[in-house]
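Two forms, one protein chain; structure tokens for each follow separately as structure 1 and structure 2.
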Structure 1
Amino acid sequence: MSLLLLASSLIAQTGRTGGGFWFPEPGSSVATEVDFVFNVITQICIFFFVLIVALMVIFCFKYRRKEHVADTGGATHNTILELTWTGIPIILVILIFFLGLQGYVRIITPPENSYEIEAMARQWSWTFTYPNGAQDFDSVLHVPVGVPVKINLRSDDVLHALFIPAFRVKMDAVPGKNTFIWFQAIQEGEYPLYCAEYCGTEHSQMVGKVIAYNAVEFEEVIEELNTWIDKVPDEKLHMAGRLLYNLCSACHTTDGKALIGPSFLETHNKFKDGGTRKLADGSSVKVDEQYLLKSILSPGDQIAASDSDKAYPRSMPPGLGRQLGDRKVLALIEFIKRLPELKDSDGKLISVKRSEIVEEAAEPQ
């Protein structure tokens, strides 16, 4: 009884917020297919559930014990009957398997011409990088409507999973591996985006949204994403660097520990003290702005080595700096130069939001 009440109240509620009884409004081309598979399975479930419970209830009423009979006789088995209820489920589950398989093949097969976006998962936010180098660090994913979009997933620390319920897609981001999801948004709008794999303290805040635009608007947004740095005043440039540092953190730490590349703390200290950096070819070079600029823009030209003469690998991506543009590179240099200002009392990097450092008023009209 209370279940019925609950169900009816829930149906009423969901009616208000949109979407069906089970799902959020479908937002991608595969969503309707997934919903179809779900609904077929659910129909089968309801049929069997009603059958089983109805028989059970009927038997319980009809054969209720009225007096103390010890035994009622009756059949102990019936092989034909038992083979029947073995056989029918077998046929049904084979059907369900193939339905699920069919949908899955679509979910994992991105079209050739997909628009590719790089996603990096970190405790506890998502960074999305677009082909033009534009980036969003605030777990907001911008996509064009009607275009297949492939998101390449990577993780910087622990397991995460990118989950967009309206698109019915999900995939783990696994450190050390490359995974992807793809979808094609069918309608402009905003859709929630979650981290679905438990990743620690702020797991429940590792959420964001997908915004789907028409093609024209999308280009504008991506362009603006690329130019926001111009609206950051010079005195806040190091804070912009803090945002951009997320691009480098897979290889450079800020706590002195060398990962793939030298720690920025070491770089910072050398810079502050006017120290030198040993290079792989045996020479050494003064760590000044010039050197930092060169390291970022053309990393292949001078390969750094540790103070104990161990050369670092030639693995810093050469395109990275050039793709960022001058001002962002400047911001990163400011970040290295003013590193201690960006740490809290525990020595952890503070977090910065883009909205806090961009100044709209800087454009006088």
Structure 2
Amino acid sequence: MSLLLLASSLIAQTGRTGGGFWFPEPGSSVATEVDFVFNVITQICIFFFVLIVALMVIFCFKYRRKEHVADTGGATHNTILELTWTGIPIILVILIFFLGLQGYVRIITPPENSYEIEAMARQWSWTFTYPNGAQDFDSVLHVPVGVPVKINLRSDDVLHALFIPAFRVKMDAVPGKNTFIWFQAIQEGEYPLYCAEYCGTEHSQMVGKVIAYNAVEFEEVIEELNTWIDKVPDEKLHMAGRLLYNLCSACHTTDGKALIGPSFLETHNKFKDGGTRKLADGSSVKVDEQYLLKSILSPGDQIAASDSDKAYPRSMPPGLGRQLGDRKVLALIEFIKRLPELKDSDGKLISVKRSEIVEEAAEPQ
């Protein structure tokens, strides 16, 4: 009985505040429940570890052999002791199962009024699409505070997993299968977001963040996310392409070095000089605006050959260009065409802020 009372005391002391030594501060409503179950199991394990090791040490000294003694005939039977060390673990296992089941059911059952966001995983970034059609291709997830959010997960290539440590949620994005997670952010702020399933050479770079806003600010952000490219004047589209380059940086460099795909600098030079590019099938194609457009919208139709005449892998998802929309595709084309204008004296890409290139429409007089 004393062991049960002590275990109950330890459980009560864990509280339901979450965070602490093992976890980051909780950012969602389910985080404290996950932390509570973890702390219960951890403290039970610590208690019995200390108890068993202490008894082992005591018994080693108390019952150590000092001299030869006659055979006692084996261990004696103690029904009360055997029932105790069988009953207590059963009770604790049932308790842990009950707490875990409660949390599991809650985590896999999103509220009916959840705000739904579509998440597409691909090597090596996340694309989030909102109900108003807005999309974020930079692995940044925008959510409102105090509102249940359901993330519908899909993968465009291989196995990925969306993991938000502060929210204590993780779920695989499986090719050909629809999965989901849900959470409710409890305070404003930024939280790290990771891919928790090895998905290729740039897996460690598939990181992003979750930004939680109040309701009013969230609506403003989503509306801006949906319309910003339409507010960029034509003469600044190449700067908008600099912002969109984050979609391409895992496969295409801007310094001439080839990665999974040809360098944008090489493509720019061929475009500028009216040159051609050798394709994997042995043919050649002139690098002009039509080539650039087709390479973005239908990347599998023109697989480039590397310097060693080996074909680059078919890594670019065929639907990515179409998801971008016409104006963002045009911005990427302008980015490649005017690449030197977006570099500093050291040859590095300059930083561009969305606020610097978006022009708000003048209010009617």
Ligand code: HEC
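In this text, the rigid core denotes the largest set of C-alpha atoms whose superposition between the two forms falls within 1.5 Å. What you see is a predicted model, and the numbers here were worked out from it, not measured in a lab. Sequence positions of structure 1, starting at 1, serve as the residue numbers.
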**OP:** Choose between structure 1 and structure 2: indicate the form predicted on its own.
**Re:** 2
**OP:** Note yes or no: does the Cα of residue 45 move by 2 Å or more between the two structures after the core is superposed?
**Re:** no
Original post:
Any chance the CA of residue 122 moves 2 angstroms or more between the two structures, core superposed?
Top reply: no
**OP:** Tell me, please, whether between the two structures the C-alpha of residue 220 is shifted by 2 Å or more, with the rigid core used for superposition.
**Re:** no
Subject >> Displacement in Å of the C-alpha of residue 62 between the two structures, rigid core kept as reference >> reply: 5.8
